[in-house]
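A single chain comes next, written as structure tokens; it is the form predicted on its own.
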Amino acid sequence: MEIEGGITLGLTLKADRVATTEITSKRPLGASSALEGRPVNEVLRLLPNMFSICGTAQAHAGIEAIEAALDLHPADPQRAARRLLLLAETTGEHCWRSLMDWPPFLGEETGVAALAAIKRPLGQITKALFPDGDWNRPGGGRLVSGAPDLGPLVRNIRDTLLGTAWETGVEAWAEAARTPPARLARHILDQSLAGFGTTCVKPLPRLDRSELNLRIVADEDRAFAAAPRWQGEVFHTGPLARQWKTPIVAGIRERFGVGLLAFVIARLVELEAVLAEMELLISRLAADTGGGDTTGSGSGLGVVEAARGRLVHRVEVADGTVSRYRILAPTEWNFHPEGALVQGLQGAPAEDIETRARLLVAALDPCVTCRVEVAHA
């Protein structure tokens, strides 16, 4: 079982400008209903396989929601291990974007070999911590104490994507480093595209869980899930929202606005932070048997910061069986009909607009394919 769908970005040009911007989504928002009527353990086995992208984050949000519904409280080592797996997935996704999606915009070959050298050790972390593969069992799986050495992996990622430190500023780093992200940043600066796609859409704030729960419960027609607003406003979520106040990102926002360069650099700033947290989490791991009673009833929310933004799962459980399942994904915030992408492209110059729009889409990073169509009024 796999949930996909896609997005189409339609741009209409008039008088050398983008006159209209429209997003059409074919994402099957009701697909999570396929999880209903199944025992919770089966649901948690299915979740990672339903999503070709960010399966760990989906499973993480699902297990958090189900444990809340069943009033289960996994031990701290279990939480640390799950967090480590989530960050490993986020690392892999950020590396994929940087090495596979960005180079073609520069006319360069994708970094298949470099990515493989990163993905292999990332993929071994789960087995090293949970040899039975049961990390997403309610209450936790069998967690062993032999934590992997992340030092070589972290050094390789930093060398491959960052190259040199950027304490002297993004522009100096982009000039000195020889990595694909640095070359993309140099291209953006050279082509005066740093502020391209600038938007006034603000980062998604912390959401009151009680109010969020009520919004999802009342969302029978899935209108909120399809085009979410919070207190009447549209927001963006993801690396830029999370790294909004870091000095490097704040400096870019102040100089160039909330546009292309800010979205690109925020992903790299976050990658550094994620690698540092992964090394810290290793020290908090310890053996634990996990487990818990899955026959209860209740409802719960799971809220996870996935690679592309905030992911919310809500579940209702009756006697160990899922009776209702809802998902609010980050793509619906970032690719909202009135969101950051639409606002950023409205009125943009028509010059090379298809390529530039695709670059902005890649920077915002949807969890599905996004086709760009350009027409003339």
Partner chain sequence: MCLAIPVQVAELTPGDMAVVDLGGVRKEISLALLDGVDVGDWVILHTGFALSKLDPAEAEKTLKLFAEMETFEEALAETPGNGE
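Positions refer to the first chain, counted from 1. Computed from a predicted model, the values in this text were never measured in an experiment.
Although not depicted, the form predicted together with its partner chain is the subject of the following passage.
Its partner chain is not drawn, but in the predicted bound form it has a heavy atom within 4.5 Å of R45.
A residue is said to contact a partner when one of its heavy atoms sits within 4.5 Å of a partner heavy atom; F51 meets this definition for its partner chain in the predicted bound form. Using a 4.5 angstroms limit between non-hydrogen atoms, A128 is distant from its partner chain in the predicted bound form. Residue contact check for A362: none of its heavy atoms lie within 4.5 Å of its partner chain in the predicted bound form. Between its partner chain and the residues A65, A329, L341, A59, the one pair within 4.5 Å by heavy atoms in the predicted bound form involves A329.
Of the listed positions (Q124, T168, S297, S145), a single one reaches within 4.5 angstroms of its partner chain by any non-hydrogen atom in the predicted bound form, namely Q124. Only one of 137-145, 92-100, 151-159, 278-286 places residue heavy atoms within 4.5 angstroms of its partner chain in the predicted bound form, namely 92-100.
Candidate site formed by G30, A34 and V112: every one of these residues places a non-hydrogen atom within 4.5 angstroms of its partner chain in the predicted bound form. Annotation for 213-227: interface residues with its partner chain in the predicted bound form are D221, R222 [heavy atom within 4.5 Å].
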